[in-house]
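Shown here is one chain on its own, the form predicted on its own, set out as structure tokens.
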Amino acid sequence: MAETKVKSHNDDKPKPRVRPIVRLGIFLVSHSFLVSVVCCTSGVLALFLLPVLAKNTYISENALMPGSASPMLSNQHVLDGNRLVKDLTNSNLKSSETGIGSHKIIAQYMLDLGAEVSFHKFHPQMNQFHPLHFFSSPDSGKIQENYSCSSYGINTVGIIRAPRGDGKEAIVLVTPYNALKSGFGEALSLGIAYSVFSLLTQVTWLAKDIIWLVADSQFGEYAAVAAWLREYQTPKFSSSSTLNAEMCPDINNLFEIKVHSVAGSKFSNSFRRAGTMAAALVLKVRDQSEQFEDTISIYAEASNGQMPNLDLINVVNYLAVHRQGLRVNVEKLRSLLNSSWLKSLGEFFESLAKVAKRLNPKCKFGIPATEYVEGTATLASSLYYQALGVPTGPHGAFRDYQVDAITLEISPKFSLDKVWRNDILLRGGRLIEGVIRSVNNLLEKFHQSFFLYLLTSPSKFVSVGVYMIAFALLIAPLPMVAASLYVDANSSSNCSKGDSSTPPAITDADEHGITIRSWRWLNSAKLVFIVHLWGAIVSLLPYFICQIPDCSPTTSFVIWVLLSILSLLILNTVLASPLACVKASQVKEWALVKSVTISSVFIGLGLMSVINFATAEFGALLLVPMCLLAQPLKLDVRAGTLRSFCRIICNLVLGHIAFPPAAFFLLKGMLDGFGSANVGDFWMWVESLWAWNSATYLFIGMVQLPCWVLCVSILFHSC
């Protein structure tokens, strides 16, 4: 009786209530296939909807006030700029192989305005892969040995001290110039900069110092700007930074400059500095003319997908379009502009928008099909260059020091004769003047607008809160599928023999077996870890391959492939055979390997989205379908259904596309055509990634490649 009462008392106890979040998790895991299909389809659809969801740009920082003041640049300043252009083009540089004459002319013009002038001497650096220097600055290369006088570059720097400033902030204007191979466009960019520089020496509203850097681009525009920035931000006090005047008499002649008796003019042999950089503008003029109208192109991408504050681009776009009548252009993927399927998709969205507007006249969804195609091409270009992780201009050197900077390239409509030259000098100078005046109004650094965005046109953007939705939808099924596979693998192995309605007695041996089965996933985790360790080894191999002298890109790529295969075989033999076949009784072993693989991909994509979102987006488009569909081909062949046949086709296609070299050649063929593809191109592309310390290189070697190997091993699993 007592036992009966105790039993009835236990039955009357209320069962613990399961929380709704737990119920939701169980529901999603149990329906992981349906959730995967819905989320992946929605993620791809959301990605194609981004051009439609783009918003018009606007000035977030009220203090900028672009165009609130009338331009002060006059025809006299244009004449001064023209005079510099004429002197540079007519200068006789035959007596010197280093272009010293041009540097002396530029410095003399700066001194005549009363600016502080100095020369910055630097030597080129070799960008070479080194694992210990990977996360350092992109220009931390090896200094060339046995250098000569001609191997030095010379930057000319002029500084205007602000009459209303305290010397704590500065605005930088950069004009690349190669004195040895100077075109008329480079000379004209110097003329525009000089006309603005001459104006700024006379104004009284200037509150920030102005630095004009004439970057010696004979070794590359980025190298010259990066060398000056490195000295500006992290000065080095060593004898190697000074030149031997006895060995280089031409460089010693730089100091023989006539200093006019202008108040405040000063020439210095030492490195001159101003305040903290508020913003930087890189100005260039193309020699080629445009067909339709005067155009200014904006290049904003820096290393690892970093972008300047959107307000800086908005100010340039507003002043160029509404004040100077210039057409603003951002980079597009030209191959998408003539795409028929993209045009059809744009027409579908346009018709869908018309239907929505009929139902609700206040609905603003949808854009014209032509605008959708151009927006998609611009968006794809923005994603591509951010994912590449390589700066699109010398402005990228400033972003490494958290300075907002962009490159402006002016393309005139007509050839640069005298009439149109004056017009470009006037309009380009007034544009630069307006941007400098807006930045001069700031009381603090750019912070109001977005730093994480994608451009669909010069006047439209997609913010981080919108484009992250597509990425989140793509990777959302990964943890649910991983949990479902783990539960399925354990439940199938824990099935009891005999009548399921009769609960068997659990012995100590059974408990021990259940414990072993519950921890069996550690074997799969060990396999996944070993393959990722192999990916790290593959990523380090180029450091040793670069030591081989006179090795062509094709030969280097072949050596890299052979060493990668050899290292995988060694790991397969020594460390528990990660790719070996398992016992036949463990029919669900591949499911545990797939579960751990999906978990590692989810972690890798999540970490990469913090470093470089564009790389994570491309990685998700490749890896998520491959991971979700991976299943042993033998099982699909045995099934013989239409669904299994479609899965076999998808697995084979994704297995080829997700292989890094194959993905590269496919992308290169879409952009440049398949006729120019070469095996060595992949090595040169990877070489450019590690030379710029792009995080995409690490993603390919330590996330994408191991994931591909694991998925291929699952496909060919003998179960």
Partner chain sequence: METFYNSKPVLHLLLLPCLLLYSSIAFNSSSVEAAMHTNNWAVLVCTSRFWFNYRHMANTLSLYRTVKRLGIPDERIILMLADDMACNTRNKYPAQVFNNENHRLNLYGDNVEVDYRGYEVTVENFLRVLTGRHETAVPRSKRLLSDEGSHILLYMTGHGGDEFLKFQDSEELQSHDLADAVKQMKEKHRFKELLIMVDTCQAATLFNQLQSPGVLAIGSSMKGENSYSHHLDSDVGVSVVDRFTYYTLAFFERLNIYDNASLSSLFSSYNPSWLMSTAYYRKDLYQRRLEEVPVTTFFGSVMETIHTDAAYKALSRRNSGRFEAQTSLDQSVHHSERRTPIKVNDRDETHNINPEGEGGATKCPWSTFCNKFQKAENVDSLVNYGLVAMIPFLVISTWLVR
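Residue numbers count along the first chain shown, from 1. Small disclaimer: the values here were computed from a predicted structure and weren't measured.
Not pictured, yet referred to below: the form predicted in complex with the partner chain.
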Pick the stretch from 640-648, 177-185, 159-167, 357-365 whose residues have a heavy atom within 4.5 Å of the partner chain in the predicted complex.
159-167
Since exactly one of 89, 351, 552, 204 fits, which has a heavy atom within 4.5 Å of the partner chain in the predicted complex?
204
Heavy atom within 4.5 Å of the partner chain in the predicted complex: which of 548, 443, 569, 562?
443
Is residue 69 a contact residue for the partner chain in the predicted complex, using a 4.5 Å heavy atom cut-off?
yes
Examine residue 208 and determine whether its closest non-hydrogen atom to the partner chain in the predicted complex is within 4.5 angstroms.
yes
Contact flag, residue 437 vs the partner chain in the predicted complex, heavy atom cut 4.5 Å:
yes
Any of the heavy atoms of residue 62 lying within 4.5 Å of the partner chain in the predicted complex?
yes
